[in-house]
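In C-alpha cells, the next block holds one chain alone, the form predicted on its own.
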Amino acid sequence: MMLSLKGVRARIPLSDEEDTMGKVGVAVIGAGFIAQVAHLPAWSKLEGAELIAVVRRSEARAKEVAERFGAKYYFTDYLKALKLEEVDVVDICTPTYTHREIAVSAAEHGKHIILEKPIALKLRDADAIISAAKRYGVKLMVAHCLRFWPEYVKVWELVKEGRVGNVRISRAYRISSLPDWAPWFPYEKLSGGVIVDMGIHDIDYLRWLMGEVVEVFARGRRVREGIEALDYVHVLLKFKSGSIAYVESNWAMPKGFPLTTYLEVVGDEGIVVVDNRSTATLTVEGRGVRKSYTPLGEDAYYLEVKAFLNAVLEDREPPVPGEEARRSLEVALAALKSAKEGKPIKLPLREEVIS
C-alpha cells in the first residue's frame, strides 16, 4: 500500500498578494487530518513564512485545502512541489511508511524538512533520512509535539528547577478510540501500531525529561477484532539513571471516546501531575507547597512549527533533530519487540522489529 502522489498542478489566483520578499516558502506534503488541524493553521499564522504549495492525492481535495489556507499551488505529485524554487521548506504530513521516500527526495532537492512523527518505522529508514539531510546540508526536525505542549514544557521546567527533587518514577498514559480518519492505522507494517504511532509521544517526552532508556519491558494485545497491529500496550522503561517510568498506549476504547492523557512525575521531594480531563490541568506538590495551573492556552503546534522556522531563519540546529527522533523510535520499537516476545529488551537494538 504505497502512497501515490502523482498527478497535475494548478495555480490558484491570489488577490491583493502581499510582498513576500524574504519569507520562507513552504510546501505541505500530505494534507489530511494532522496537516489541516495543526500544521497548515500554524504556517498560515507565521509572518516569516509563505505557504507556496499543498500536496494531496486527490486533486479536488488538494485544491480545496490550498484555497482554504491560501496556498499558491496545489499538486497531487509531491515531486512537482519539490522542484519549485519558491519552496525552501517542506512539511511532510504523509503516513509514516512513506516518510523515507519523500524526506530523502526533499533533501536531494535542497529543501529543509519538518517531518511528522515518528521519523520512520525502521531504524535503517531513519538513518537514511538523517544521512540525506546531512549530505545535502538541509535542516531536519521531527514534529514531537509534546516538547512544545505548554503543560508538558512547564513540567520540564519545574523538574529542571528542582521543584520535585530527584525524579524517581513517572507514569504516562494516552487513551483513545482507534483513529478512523486514516485506514493505515490498523496495520503494523504501515503504522507500527499504537505504541509506535501514539505511545512514542510519551516515550519521546520522558526521554527528554529523564534521559536515555537502557531497557524496556512491555505487554500488549489486539483488543479490537479485525485489527492487525497491537492496539493496547503498556511499557516499563528503565533509564540509565536508574529511574523507571510506566507508559500506557491504548486505541481500544469505544468509538467516540475522547483522547485522554495523563502524566505523573514523582521525585524524592514532590510530585507534578498533568491531566487533560481536569480544569486545572497541571498541579505540583512538594516541599509543603501545592500549586495548580489553569489550562495553558498556547498552541503547541504553532510553537513547534515556529521553532523550526526560527531554526531555518537563524541557521541553527532545530530543537528535535533527526537523531533525537531516531532514539525515541528505537525505544518504541524495543517496546513492540518486548510485547511480541514477552521478555525485557536491552538497548540498543541489534535488528529491525518491523519487517
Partner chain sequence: MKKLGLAIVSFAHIHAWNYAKVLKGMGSAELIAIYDDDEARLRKASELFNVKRAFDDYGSLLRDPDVDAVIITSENAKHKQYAVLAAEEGKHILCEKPIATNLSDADEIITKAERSGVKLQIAFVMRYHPATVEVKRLIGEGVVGGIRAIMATNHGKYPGGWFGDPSLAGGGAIMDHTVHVADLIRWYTSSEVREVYAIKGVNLRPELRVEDNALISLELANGVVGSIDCSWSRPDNWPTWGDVYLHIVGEEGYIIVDAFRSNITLVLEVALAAYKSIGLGRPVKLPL
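Nothing here was measured: the structure is a model prediction, and the numbers come from that model. Numbering follows the first chain given and starts at 1.
Heads up, the form predicted together with the partner chain isn't pictured, but that's what we're talking about next.
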query: Looking at the partner-bound form in the predicted bound form, is residue 273 within 4.5 Å of the partner chain by any heavy atom?
result: yes
message: When the contact criterion is heavy atoms within 4.5 Å, does residue 252 count as touching the partner chain in the predicted bound form?
response: yes
- prompt: Is residue 246 close enough to touch the partner chain in the predicted bound form, meaning at least one heavy atom pair within 4.5 Å?
  reply: yes
- prompt: Are any of the heavy atoms in residue 206 no more than 4.5 Å from a heavy atom of the partner chain in the predicted bound form?
  reply: no
query: Any chance all of 171, 175 and 257 sit within 4.5 Å of the partner chain in the predicted bound form, going by non-hydrogen atoms?
result: yes
- request: Sort through 110, 242, 162, 183 and report the residue having a heavy atom within 4.5 Å of the partner chain in the predicted bound form.
  value: 242
- prompt: Of 264, 285, 77, 188, which residue is found within 4.5 angstroms of the partner chain in the predicted bound form when only non-hydrogen atoms are counted?
  reply: 264
- line: Here the chain appears without its partner; judged in the predicted bound form, the stretch of 153-161, 222-230, 191-199, 125-133 with heavy atoms within 4.5 Å of the partner chain is 222-230
